[in-house]
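One protein chain, two forms: both are listed below as structure tokens, the first as structure 1 and the second as structure 2.
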Structure 1
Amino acid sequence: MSLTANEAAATVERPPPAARRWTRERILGHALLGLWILLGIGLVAYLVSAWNIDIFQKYAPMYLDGLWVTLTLVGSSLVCGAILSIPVAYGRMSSNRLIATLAYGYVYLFRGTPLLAQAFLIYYGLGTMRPQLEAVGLWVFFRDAWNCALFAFSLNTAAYQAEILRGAIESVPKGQWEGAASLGLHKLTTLRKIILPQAAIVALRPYGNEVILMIKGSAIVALITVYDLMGVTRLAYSRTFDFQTYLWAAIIYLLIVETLRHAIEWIERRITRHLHR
């Protein structure tokens, strides 16, 4: 009687697993891991030894307010930037040379200059144009540092989001458009139900990176008198000269970034379920 496939596979002797040798790269990796563990233990030990309950009780509410300002500023600028990125991405893909050139110039300018310089130019630069802004009724908006930060962040992230959106849409094969047209589907319907769902998979990671970069980059608004998380941290340090105030801010930023990273991974698993078998 012949053996079944499973029985035949069970009778075959499998080769022993290859022995893992202690190569130079493996030794270096273990050494670096041990160094990071020691640094983490040292950081925890320092925070425990330097813990000051009076400083925590006094400045913890300020940290919460600063955290709310940071999240509100970044969230609002991301939404405004997403709205603005749609026409910019369309302009980048336009066959009209003038529109494409203007869109390219916008993206080139805001991606090629530092966000700090953009925030300074808007906050301090527009501050020198107060009479002109008052004449057109815009000084009410630009006299507030938070509004200037929101304006600068929205323009900056719109340039990056436009390139992410354009790249994701153009990554979808043109045959998808042609197939939908052969079925008589409208271009907007094709874009909404066929192209964008496929482009979302490509764009998710870059969008996630942009959100994380905006969270970390938002710390610069402390330099234009916005009391975000970093702003209240600088204030707390100027009054206490206790270095742990900056360590707590770094830990909060790290927790935000890790939360976003896990959320992005969860979304990616949800929208790519049909790709796994």
Structure 2
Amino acid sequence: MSLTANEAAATVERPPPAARRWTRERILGHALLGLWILLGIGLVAYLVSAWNIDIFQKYAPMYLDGLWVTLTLVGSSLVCGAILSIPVAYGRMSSNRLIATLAYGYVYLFRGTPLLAQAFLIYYGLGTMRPQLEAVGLWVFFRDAWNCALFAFSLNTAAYQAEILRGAIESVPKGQWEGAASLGLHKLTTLRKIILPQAAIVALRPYGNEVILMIKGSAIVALITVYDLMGVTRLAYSRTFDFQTYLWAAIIYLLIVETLRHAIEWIERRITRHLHR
């Protein structure tokens, strides 16, 4: 008797799950997704149909060289910019009016003008000052477009990084400084052991965005005759008039940026472990 009751309980009919209706949103979503899928298939089909082993063998090594130029250029200008950003950030936080104004002017100047204009100013502008530069021995450096790009990018990213650094340091409450001071810690020790670890959590995401922005922004060096990934792409397109050259570049750039974005998210999860439960 109890057995049958159990059986009856087991076969209790639950109400059927509410049928998902084809609302307008759902139709639109599927239509748009279908469009993306079609575009993706179209891209793959185009790349397969346009596959040309001669072009590939000729240009694939050039693309790799271009990729290497992009990555080294961005990497070195980020490092130079980071070093340069420390005095600028210090100046921004200084209580000395003159220093603070100078630092603010620097940041405003480089954040208010296009990177392309800065690169042109340095590459073409300094090119016309050859005699003066030769006199001080700097011409050897500015003769090369790569160096000009490095110089422009470093100055530019220093302005952005200084603001990130300042924002992150100022986001740490003042009590942290005071607490450390009351323990008798030196200011530099406080900065290194107490302030920077807390500031790093705040700064990570903006820093990551800056890296991504630099990777994307570095494409403009193609316009000042540096053969980075974009420069190689332009060269390949002008020689072959084959649109797939641009599509390959797009795929490579997307892969780099997406990899970086996920890496940053991973690092962020990692350094905020103590904040999650």
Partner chain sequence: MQDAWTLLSWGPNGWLDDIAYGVFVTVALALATLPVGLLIGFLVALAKRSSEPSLRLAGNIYTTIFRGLPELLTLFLVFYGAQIGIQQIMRLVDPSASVEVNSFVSGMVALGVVFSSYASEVFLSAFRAIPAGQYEGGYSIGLSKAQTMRLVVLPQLIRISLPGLANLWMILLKDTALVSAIGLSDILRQAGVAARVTKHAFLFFGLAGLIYLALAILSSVGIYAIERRVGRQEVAR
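Just so we're on the same page, rigid core means the largest C-alpha set that superposes within 1.5 Å between forms. For residue numbers, the reference is structure 1: its sequence is counted from 1. This structure is a prediction, so every number in the text was calculated from the model and none was measured.
Source of structure 2: the form predicted in complex with its partner chain.
A movement of the C-alpha atom of P61 falling short of 2 angstroms is seen between the two structures when the two forms are aligned on their rigid core.
Superposing the two forms on their core, we find that the Cα atom of E25 is displaced by 4.9 Å between the two structures.
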